[in-house]
Each structure stands twice: as structure tokens, then as C-alpha cells.
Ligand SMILES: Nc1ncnc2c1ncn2[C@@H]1O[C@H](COP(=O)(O)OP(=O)(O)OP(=O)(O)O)[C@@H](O)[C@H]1O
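We begin with a single chain expressed as C-alpha cells, specifically the form predicted on its own.
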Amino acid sequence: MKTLKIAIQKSGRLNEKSVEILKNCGLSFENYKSSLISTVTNFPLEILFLRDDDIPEYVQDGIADLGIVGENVIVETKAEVDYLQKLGFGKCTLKIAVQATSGIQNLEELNGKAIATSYPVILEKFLQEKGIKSDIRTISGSVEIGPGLGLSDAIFDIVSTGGTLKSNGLKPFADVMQSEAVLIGNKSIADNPEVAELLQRIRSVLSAKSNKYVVLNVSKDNLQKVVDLLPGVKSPTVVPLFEPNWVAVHSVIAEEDFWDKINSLKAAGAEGILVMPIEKIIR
């Protein structure tokens, strides 16, 4: 059995959630904050803690079999890897931003302007598609201070909440790319059984996180109305109660539909509704 290697961010906005999802998959490992490599004790896996910019190329070159990294980093590095699973965290938007006092109103006005960024590849592709010729100035670190220092007329960077832009006198101008954390793999490991096992665990954790387990009581007279609202994983489970003509219904509700469903269930005659988080769903 081959020991797999997965690369994740050593520090930064994806580190904590990457560690969390691996631990939720039942993987046991320690000392990840003080080491560049951590061995999983109950699964054939080693975890490499790297700079996020290095992860796609490590996976592409086979140094790591798998990686967790933002989509924007993959596109920027042009790494040839397989996208295995979107992970639902680390969501952000890459935006062009200009000074709040700027008179720039449309994209065409960026012609001939200087734009500071840490993502020149993504920006250049976007500008070419729009037929705009700007002076792209590649810098690392605090891109948002560029206009204030006279380095650039605009910036292109990751924006999560917009607070950093506002504090530096900038305003969002154009959305370029949506990004989130993804699990990627080297192109040679598609049929690896350990990869398939780990991917199943990750998907079960993600599926559980996006659903709620619901138990409710309802009279048999209203059962069909309630069941029609609860498709469940396959179909709801119905269990007779001690009280005649009453049953308990067990099912799963998608997180995004939760409140609408609960209100509809109450209107249909459901009582004593119990809602619980789900640890994992194995399909």
C-alpha cells in the first residue's frame, strides 16, 4: 500500500479549514504547527505543509499526490493537475479596485493605466479578453497600498469582505474570478484506491455539513403531506409511536432549504420537530 502525500497551506486563510476537513475525515495526526511534514497514524498519508503558491507545482510534478489550494493559485501557476473536489471554504473574489475618489467609471478607462497585482497571469488574461491594454505591475505583499504610494492607478487582488479595500481608500470596480479551496491531484493517481477512499471520506463530510437530520411527529392523517415535503437521502423513515395514529418521521433536509421546509412542515401538521447536525453521510 503506497503512502500518499497531500500538500496543504502551512499558514494563511486556508490552513485551519484544511486541517479541520482532514481531521473530520477521521485522520489522526499531530505536530502540524511545528513541522513541515506530519504522518497520519491511521491512514497511509503524509501531510506536507507548504506555501500555497508551491502546492500546484508540487502536485503537478508528483512530489505530492494531492493538494488543497485555492482555484486562483492553480490558474495563476498554470499547473496541470486534476480537479477532484470543490471544498466549500476559502471562498473569495478576485477584483479590480480603484481609489474611491477616482473618476474611472468603466473598464475601457483602464487602458494605459497601471494596475498592481500579485496575480499577473489571471489579470492579463482578463484584460486581453476585454481588449484592454494596461501596465501590469507585479508585486508581492500589500498590493492595496499601491495607489496610495503612486505605484499604480488600480489594484487587482483577492477580496473577501472588502474591509481592507475600504481602509486603504479603495472601492471594488470589477469582478474577475470567483475562487474557493479545491482538492487537486496528480494526473497519475486517478485509479489509486487510497485516493478513492480519501475522496469518499471528504465527500461524506461535505455532504453531512450541507444537510440537517430531522425527526418529527405527525398524525397518520397528515403523514402524506409531510412525506411529500421530505424526500430525504432516498425516502423518509417512518416509525410508529406508542400513541395510536401517530408516527415519527426521520429524514434529511438540505441546509439551504432548512427554514422554508421547517415552516412548511409545521403548516402540514408536524409537531415536536427535532433538528440535529450530521457528522457524515456515506453514499
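Here the structure is a predicted model, which is why all the values come from computation and not from measurement. Each residue number is its position in the shown sequence, starting from 1.
One more form of this protein should be noted, the form predicted in complex with the ligand, which is absent from this view; the next part is about it.
- Site status: open, since the ligand, placed here by C-alpha superposition from its pose in the predicted complex, has no atom within 2.4 Å of backbone or C-beta atoms.
- At the 4.5 Å threshold, heavy atoms of P147 stay clear of the ligand in the predicted complex, well away from it.
- Using a 4.5 angstroms threshold between heavy atoms, Y119 counts as touching the ligand in the predicted complex.
- None of the heavy atoms of N263 is located within 4.5 Å of the ligand in the predicted complex.
- Put simply, N186 is far from the ligand in the predicted complex: not one heavy atom of it is within 4.5 Å.
- Heavy atoms within 4.5 Å of the ligand in the predicted complex belong, among the stretches 83-91, 123-131, 96-104, 198-206, to residues of 83-91.
- Distance criterion of 4.5 Å from any heavy atom to the ligand in the predicted complex singles out I158 from the list A114, A79, I158, A174.
- The partner is not shown here, but in the predicted complex the stretch 179-216 reaches within 4.5 angstroms of the ligand through a heavy atom at S179 alone.
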